[in-house]
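Only one chain is shown below, in structure tokens, and it's the form predicted alone.
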């Protein structure tokens, strides 16, 4: 597992597969959330599904960085920044969801596979390249700019998710038009925030692994944002016409 050759081969494999995934998802929308539908095999509660599929991203990175390397001050900061997102994603976000939805086990399995591979790339980047981050890295333009982007995207995502969650009262299970904050411009500001966040991660770590994660985030979320935007327009006749899917005034 700790071979630099294997690591580099996985990098190339992920870069090659990302455009394929992007193309497929433009035509096949993953069947969870508002796009839940039959024909995808056994399904479980979406809260448990989110917990299971996001858990490897937190656990595996923690194992690699805490037991496979000696953390420096800088790599410890990286570790905490990573876990800031994934601790919330694993232990808070799934249990804040409202409504009753199910998620196909096959989708969860694919997400577990991706998150495990991504965690391997993120964690072992620091095993193999951790010595490039001297104490001065925390003052570098890449780190400072990356942290600003990461924090911006984090706030955008969490605020947007909260608006979506609060659309449903206790016992409600339907969908409504989200309004306020960045929803006045785009249908999926939560996805835009996540793309910005992982763009910040790629910059603050200045790593190929971070770039691969950003590319895969876009390959997954851009098609889904487009699908969400079309769904809103079809479902709600009064849906605001000026909104774009993902990027204000553009896409």
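Residue numbers count along the first chain shown, from 1. Everything quoted here is computed from the prediction, not taken from an experiment.
Omitted here: the form predicted in complex with a small molecule. The next part is about that form.
Comment: the small molecule is not present in this chain, but in the model of the complex one of 84, 164, 109, 127 has a heavy atom within 4.5 Å of it, namely 164. Every residue of the trio 93, 98 and 220 has some heavy atom no more than 4.5 Å from the small molecule in the model of the complex. Of the candidate stretches 37-45, 203-211, 60-68, 185-193, only 185-193 contains residues with a heavy atom within 4.5 Å of the small molecule in the model of the complex. Taking the partner from elsewhere, residue 175 is found to have a heavy atom lying within 4.5 Å of the small molecule in the model of the complex. The shortest heavy atom separation between residue 33 and the small molecule in the model of the complex is within 4.5 Å. Of the heavy atoms in residue 157, some are within 4.5 Å of the small molecule in the model of the complex. Interface membership of residue 55, defined by any non-hydrogen atom within 4.5 Å of the small molecule in the model of the complex, is ruled out.
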